[in-house]
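Presented as structure tokens, the chain that follows is alone, the form predicted on its own.
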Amino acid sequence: MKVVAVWTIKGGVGKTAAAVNLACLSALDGQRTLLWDLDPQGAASFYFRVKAKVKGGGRKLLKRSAALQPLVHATDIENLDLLPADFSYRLLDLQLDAHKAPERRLALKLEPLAEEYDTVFLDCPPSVSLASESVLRAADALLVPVIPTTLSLRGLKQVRSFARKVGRRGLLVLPFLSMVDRRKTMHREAIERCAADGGFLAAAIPSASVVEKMGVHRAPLNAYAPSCEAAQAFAELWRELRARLGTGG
């Protein structure tokens, strides 16, 4: 089982859209896939028409004796399950801190699922916290959406530094361009800097209204616009990620 965290410290960069679409593509590729919505806002849960509610909330979920599987919901997409968000996740730092070795807690919760899933995506809230540290200790790969702007690139530096300090050994840090508008001079200049960086995945997700309409359709792009430019960009991103994870397909 491979665990992929989609996380950055800056909000509004297309993080949840990436997590939802990649989880969908993983499932369509035949991977038994779980998407865990760790963001108390519950956007990923909303997209899959699942109520952002976990019985007992984050406090109960983190107990060693509490299994994750009974909390999982099936989605309309074959091979794709969802562990929904809960508003109590806003207190996840405090709830983690109440446990021994909190930075290992999420990894321990995921271990029993190794025989049930091939790939797990974690849609994480945009913050630097104990919860973020626990995510980075659980993940095999960290996907970092980056808008081609100065502040977003600055955020990537902070993410890389934090991941080096607290991430598990061998953690792949994989930034990719998100919400790209090549009509903007600033975006074009930032894209050149990203290309020179050498660490970015090649796929670039365009800024497009069809992605924003995920909230209207409450579905991934493949459900209503599989041939659009953005859907094809996500497909390219999935192929790159799959190759880096070595999951085949």
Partner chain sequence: MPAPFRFVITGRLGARTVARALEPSWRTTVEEARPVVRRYLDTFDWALWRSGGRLLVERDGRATRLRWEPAGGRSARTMRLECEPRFAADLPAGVVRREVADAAGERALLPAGQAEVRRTLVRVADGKAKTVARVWLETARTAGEDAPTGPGRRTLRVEPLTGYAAAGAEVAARLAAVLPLAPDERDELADAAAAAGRTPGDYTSKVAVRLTPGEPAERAVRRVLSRLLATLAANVEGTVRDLDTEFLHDLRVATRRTRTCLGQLRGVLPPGTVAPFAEEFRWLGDATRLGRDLDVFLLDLEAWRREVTPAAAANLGPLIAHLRARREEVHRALAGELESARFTRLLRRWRRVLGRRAPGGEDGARPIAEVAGERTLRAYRRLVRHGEVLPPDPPATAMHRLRIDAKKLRYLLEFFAGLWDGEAVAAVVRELKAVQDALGRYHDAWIQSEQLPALGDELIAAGAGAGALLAMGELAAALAQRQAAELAAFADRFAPFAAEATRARLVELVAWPGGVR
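Just so you know, these numbers come straight off a predicted model, no measurement behind them. Numbering follows the first chain given and starts at 1.
Missing here is the form predicted together with its partner chain; even so, the following discussion is about that form.
Contact annotation: of the candidates Cys194, Leu62, Val50, Val180, the single residue with a non-hydrogen atom within 4.5 angstroms of its partner chain in the predicted bound form is Val50. For the options Ala114, Leu151, Ala101, Ala98, the residue carrying a heavy atom within 4.5 angstroms of its partner chain in the predicted bound form is Ala114.
Listed stretches are 53-61, 25-33, 198-206, 184-192; the contact stretch with its partner chain in the predicted bound form is 25-33, by a heavy atom cutoff of 4.5 Å. Among residues of the shown chain, Arg160 is not one whose heavy atoms approach its partner chain to within 4.5 Å in the predicted bound form. Taking the partner from the other structure, its partner chain in the predicted bound form has a heavy atom within 4.5 Å of a heavy atom of His73. At a distance threshold of 4.5 angstroms between non-hydrogen atoms, Asp118 is in contact with its partner chain in the predicted bound form.
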